[in-house]
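Consider the single chain below, provided in structure tokens and representing the form predicted alone.
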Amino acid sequence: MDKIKVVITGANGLLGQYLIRDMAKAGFEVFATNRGASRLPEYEGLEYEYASIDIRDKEAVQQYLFDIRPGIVIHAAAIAQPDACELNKEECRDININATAYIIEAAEKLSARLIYVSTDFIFNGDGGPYREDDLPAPVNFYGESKLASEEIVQKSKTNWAIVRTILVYGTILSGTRSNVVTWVKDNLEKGNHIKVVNDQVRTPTYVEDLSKGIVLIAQQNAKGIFNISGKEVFTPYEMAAQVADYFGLDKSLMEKVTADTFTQPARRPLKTGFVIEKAEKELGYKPVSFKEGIQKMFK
């Protein structure tokens, strides 16, 4: 039996690197795309093909998809930095909204399934933790762009699933990228004083859990919206305290502050977090605890 072909956008990113590995391990034929050269590691015993595609180029991305003829497209590419989206709305619109429309148009013609990666930032943060059917109301342009894409996905004729996630952390397999865990660890090890927000709430998501959740959706042909995140609700300060405790670092270097302490172009929703019961029941999704995630990063 032929393997199902899957195209993964945003392949060089933290999630993309794990998706390539996990989808290939699960028996899919993997085609990885990103703008520019591959920054992917060597995956022992696993095969995939890489292509440099600028998803803003409608003709290029659609021609690529028509050439590959995938059964599934996992669309993980996006500008995910809220401040960058707020300051460069046109570029954000091109990558986060327009490119999604180009991919969907091709997926419809190919009768390919679409798995779209979204965010907690589609919510305003007044009523978290959120369920899949809660009403979105973004407070920044990043959230608006992701919600606009969700709406395009939901109106499409594709067999679609939307994966909403929050504050993804983990070890990037190739290259370097900071996240909440490495930022706290690196600064405290250097003896730096850090200010950490204690009036926002999130459910941090270990990258391997997110990747495995998407594999479950692909394997089970699951449809609809799924919250795929961790299961614990923390403030960033509480996360930082756990990191400090795990490595035996000096918590007196950490100062509790409110979000108002920082001047940022994009507003952040105060209290998000996800209820993940649907993914647990329907997919058999089982995330690790935040402490276990830290252990896995540094084992």
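For every residue, the number given is its place in the sequence shown, counted from 1. In this text the structure is predicted, and so the values were computed from the model without any measurement.
One more form of this protein, predicted in complex with a small molecule, exists but is not displayed; see below.
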Residue among Val153, Cys92, Ala106, Val117 with a heavy atom within 4.5 Å of the small molecule in the predicted bound form: Val117
The single option of Arg177, Lys157, Arg131, Lys195 touching the small molecule in the predicted bound form, heavy atom within 4.5 Å: Arg177
Candidate site Gly13, Arg35 and Ala77: all three near the small molecule in the predicted bound form by heavy atom within 4.5 Å: yes
Listed range touching the small molecule, judged in the predicted bound form by heavy atoms within 4.5 Å, from 242-250, 53-61, 229-237, 259-267: 53-61
The small molecule contact in the predicted bound form: Val215, any heavy atom under 4.5 Å: no
Partner contact for Phe123 in the predicted bound form: the small molecule, 4.5 angstroms, heavy atom: no
Heavy atom of Val184 within 4.5 Å of the small molecule in the predicted bound form: no
Ile166 within 4.5 Å of the small molecule in the predicted bound form, heavy atoms: yes
